[in-house]
Structures are given as structure tokens and as C-alpha cells.
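Before any questions on how it binds or moves, here is one chain, the form predicted alone, in C-alpha cells.
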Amino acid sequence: METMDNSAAEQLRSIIERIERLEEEKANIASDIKDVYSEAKSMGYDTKIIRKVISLRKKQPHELEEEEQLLTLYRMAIGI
């Protein structure tokens, strides 16, 4: 089995610790987002629709237009 020199071991330890900190921050942010969705729901908003709006806002206008056209086409094809 090979061993790492001290410099490489310290570098690896640093990387792992950074990832662990970021994972913790990510978990905290996910919890905060969940809290905001709960707040929105308690105010009477539909969280499923809020998630859809957020998803739509991330897309470029041409992507939205293409998606809408395909959705219309598929709806017409199945009669809804």
C-alpha cells in the first residue's frame, strides 16, 4: 500500500473539510428553503405552483416558448 507525503495528506484533509462544511451549509439552506415553502403554504399559496414558477424563471425566453409550443401540441394530440 502506498502512502502520501504530509503535504498531499494535508491538501486532501483540507479538501475533505471544505466539502464537509459546504455540505453542512447546503443542508442549512435546504432547511431554510423548506421553511419558506411552509410559510407560503400557511399563507394560502400553492407551493407546487411556486416551484413551477421558480423553474420557469430559470429558463431562457426561447426555451419557454419552445416548451409551451410542445405542450400545446401534445395537449391537442391527446384531446385536452
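So that there is no doubt, residue numbering starts at 1 and follows the sequence shown. In this text, the rigid core denotes the largest set of C-alpha atoms whose superposition between the two forms falls within 1.5 Å. The structure displayed is predicted, hence computed values, not measured ones.
There is another form of this protein, the form predicted together with a further copy of the same chain, and it is not shown here; the text below is about that form.
Would you please decide whether residue 62 lies within 4.5 angstroms of a further copy of the same chain in the predicted complex, comparing each non-hydrogen atom pair?
Although a further copy of the same chain is absent here, residue 62 would stay clear of it in the predicted complex, with no heavy atoms inside 4.5 Å.
Can you tell me which bits of 16-32 touch a further copy of the same chain in the predicted complex, meaning any heavy atom within 4.5 Å?
The stretch touches the partner through 16, 17, 18, 19, 20, 22, 23, 25, 26, 29, 30, 32.
Would you say whether residue 11 is displaced between this form and the one not shown, judging by a C-alpha shift of 2 Å or more on the superposed rigid core?
Moves: yes, 2 Å or greater.
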